[in-house]
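Just one chain is shown here, as structure tokens, and it is the form predicted alone.
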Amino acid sequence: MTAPTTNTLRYDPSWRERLAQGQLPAISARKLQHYYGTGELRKQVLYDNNLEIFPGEIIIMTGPSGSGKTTLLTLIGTLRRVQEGELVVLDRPLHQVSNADLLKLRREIGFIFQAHNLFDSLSATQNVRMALELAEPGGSRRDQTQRSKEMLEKVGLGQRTGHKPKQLSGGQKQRVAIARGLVHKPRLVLADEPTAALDELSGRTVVDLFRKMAKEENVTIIIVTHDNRILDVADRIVNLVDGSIRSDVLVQEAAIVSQMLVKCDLFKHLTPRSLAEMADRLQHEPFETGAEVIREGGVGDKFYLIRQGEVAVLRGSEREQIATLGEGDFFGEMALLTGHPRNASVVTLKDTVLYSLSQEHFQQAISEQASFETEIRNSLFDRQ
């Protein structure tokens, strides 16, 4: 298996370690597409999507309404059949799986829907216990009841276990639905706006529970949400626009790269939002030892940031080494700023991972920097 290639910030320093340990993705999608309707009414809603998610990762999926988030979630959750492309979930290839295997797989998935889908005639405990009865049809009724009450307590409803849905608020109903989705200890949790109806304290209780399950039990969790309050729980943020994955960003990696970028005088005044957007536009480029990244006299078309490794800067026909650059250093900006040919060559001294920024996006970042400085000047002028 090779690392996935994307057009966005998806370099994972632990990738090699995971592969060395023999860890396979919990979810792997390749060229996944989906349509609604038939004939003249057929409409494509997902376009050629590639995605890999490992056990223990928490993914937040964002994007405008109608972008395909819920469709992708229901495909992963086996609620829709794969039409085109490949989708492997918990080691089962959904594009060629039998109905019997689908049924077994569903018992390993926890579903949390925005619509609570609770049974009005059942108590909170009974609603939660239904998930255990489906996942463990031969289990002890007494044990299942106890586990259901314990899960309700974990989501802050220990005093409401005997209440029926009509006796609960919207936020309390949502927490019952969350407890039902988690009680059978699924390997994969799919949550559609799980915190939308919750206040800040209740929402934090739920995402802390998600984080604990991911880190301690290696549960994979995908959350579709517009709730900015819970972005900090994400390992990655996947953004869908018009049916396509536009960005797939490792949150921790984005923070590291943003800190590297701000050390460059060209970008030091960019706002955190602008830095994050710039980091999202970077492309991951690995180079083996001895590779020539840029050549003196060549056209300047990219800005480079060294994420890992070391390079030598060489100049002249004798290829005199004038500098050594390492992690966090950058090069290639002068040709982009001046429009002149490259004034030096750059060669890797060891296996190196670079992030590159196209000329278009580099100029955009520079213009945002200039706009920031203009705003500061105008602000100071207005005070006079």
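Small disclaimer: the values here were computed from a predicted structure and weren't measured. Numbering starts at 1 and runs along the sequence shown.
This next part talks about the form predicted together with adenosine-3',5'-cyclic-monophosphate, which is not shown.
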Quiz prompt | Contact segment among 348-356, 38-46, 58-66, 319-327, judged by heavy atoms lying within 4.5 Å of adenosine-3',5'-cyclic-monophosphate in the model of the complex | solution = 319-327
Practice problem: Work out which of Leu209, Leu132, Leu73, Ile294 lies within 4.5 Å of adenosine-3',5'-cyclic-monophosphate in the model of the complex, going by heavy atoms. | Solution: Ile294
Practice problem: Look at the candidate spot formed by Val313, Glu333 and Ala344 and say whether adenosine-3',5'-cyclic-monophosphate comes within 4.5 Å of a heavy atom in all three of them in the model of the complex. | Solution: yes
